[in-house]
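Below are two forms of the same protein chain, given as structure tokens: structure 1, then structure 2.
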Structure 1
């Protein structure tokens, strides 16, 4: 299911980041040992009443060289471009300012639903400050206090009411959605052109739906594909489109909507830190991944070059050990034909469900081969295992005590499952749960 996107806009200091951090809560402080995780805190998942959505703090996209009025305009435009619902935040204690009116003017022109939040209303006595904000023309204002966490529930109830109807949104169809991510100039557009230029690729007349008008749909050998639009694949026009945070945000959004993510590396320039960061985002999102080393034509090669490059990729992207690597050239088209079959393969693995009885046979064999560990005289007992979800494949191992499941043993089980069922290209998740 496609998650709805909510953007918070408003002039500086009205409390956007405060609200963002509160809604995103502890999710943001989860620190994993992968490069992307210390992500620029402007885009994150949030949850309200069992609905998860993605939240953008447009204030975090810093275009500070520009005058204030340009900044707020640009940020409002980002919200219109990227969000399904916009939370327009004002400072209740300061009344309507010229900058608020500027934001309002831009929002009027969009068809996006806008919910008006009047922030810094920290106590009941201040409630009356609300009335003047009706004049902004967005209907009922919601009073909130970001720093005290007041009123957010009512505001979110209203936000969720405006989420697009999900009933007509794809989910379990056979279409494979993939995106290409990588820093500028690695060859993303060239790869897309090369893919679409391949023999027997039929690009549909209506590219994408109206909502995602920049996606590209095509068909090959009776399979349907959609290339999800990513930063760097569109012409840049607006000021904010050149900022790094905006390109990260676009990449995260594209990854979110994909089944398969192609992490593109430039063979000519080699791997740099930014590549790892981008790959980290894809890994965290739990998508199927193919590492594509492009511009292989531009490298001076001998018989060892590919092996050496591959070792280097493995070394630098240890968290992507499950991802296949392909070397190709968008320019000469060499090995381009291997790309789509690889996308199909990893996508099938990502969606795969294995039968519980087969799974438990594999686990029993694994237990016979490498008995469960003991911690402080307590032995881990595995009762049974079941796959609870796909995309990515997610397994629950029922045990006597989850504390006894050491990560090295979990890794061992993961490897056994991978060997038995072939999950190339997809992360898999394993959780230990108690069952007495």
Structure 2
């Protein structure tokens, strides 16, 4: 299931960040009564009527030619391009301004569904202020109050009506879909080109589910692959080339549609905090993961260099202990031949299912090796275990009391399952449940 994307757009100081924080349920955006506080797009997940979607807060669109304002306007335009539905926010107390009309002109060109939110209508007596905003040409305005949470339900009802079909279901085939994520200039495009140039058997370029993204299909040794484009770094001009922060939402979209995610690290510059943040999205999504250290040709090496770099990766990415690490160079093609076989292996592990009888034999051996702990005089009893899902492999352990399942013992069971069945490259989820 792919998530729809909603962008909150408007001129400065109409309450976009307040609405954003209200919808996502926590104070993520900085809220100050000062125009231009939100400097970049901010992303989070929101939910309404059991429908989850990605929400983008944007900097205010301003008509000034000041460099910072121009950059904010460009970032807002990117958010508009990425969105499925746009919430156009205006200040009900101030009426339509010239800046509102400029924003409206931008939104007319987007050809996206636009829901008009008239903010700062804090009580019923102010409802008549909405009629002026019909003149903007976006149909029914919805009066809301970000500070008090009024009217947001009606606004969201209208927003989700415009969501595209979210059933992003692929045919049940053996095709492996993988994406490359990472900060700018780590060599994602070079890796794609190296893969495709090496194989020279591109089947087709087909339109992806995100605007301007192209999924590239190719075949290698009778195996079908699709590279899911993370989009944006190519042919998007200076905004993407000069913005240090990677387009997170596009990476999230690619992750959602992937079986395998390649987390690309630049061997020359090493690991930075942004690498860990990007990898965390793939881990939380439950995808198979391969850590790819690119530009290995640019590193001065001795016999210990690779081991030292691998140790550093393991230290920095402790939450990805299951992910294999590949060192290669897209530029020189050195070790490129190791990449596709590893993608196949982790994809198969991600989809692997284990027979219940074999699984329980492993659990019984684990219990004999390390008996369950007692907490406050109560001992955890494991009755049986079964796999309930794949992609990622998900197990339910039926116990006498789930509260007695300490995370350290859960980790012990995960390690025993990995030892017995592999699962290299894929996260494993374990849930303790009471047997009914």
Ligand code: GDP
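For clarity, every value in this text was computed on a predicted model and none was experimentally measured. Residue numbers count along the first chain shown, from 1. Rigid core here is just the name for the largest C-alpha set that superposes within 1.5 Å across the two forms.
- Matching the description of the form predicted on its own is structure 2; structure 1 comes from elsewhere.
- Shown in the overlay between structures 1 and 2, fitted on the rigid core, is a CA shift at residue 13 of 2 Å or greater.
- The Cα shift for residue 151 between structures 1 and 2, taken after rigid core superposition, is 2 angstroms or larger.
- Once both forms are overlaid on the rigid core, the distance between the two CA positions of residue 324 between structures 1 and 2 is under 2 angstroms.
- Its Cα shifted by 7.9 Å between structures 1 and 2, residue 111 is reported here after superposition on the rigid core.
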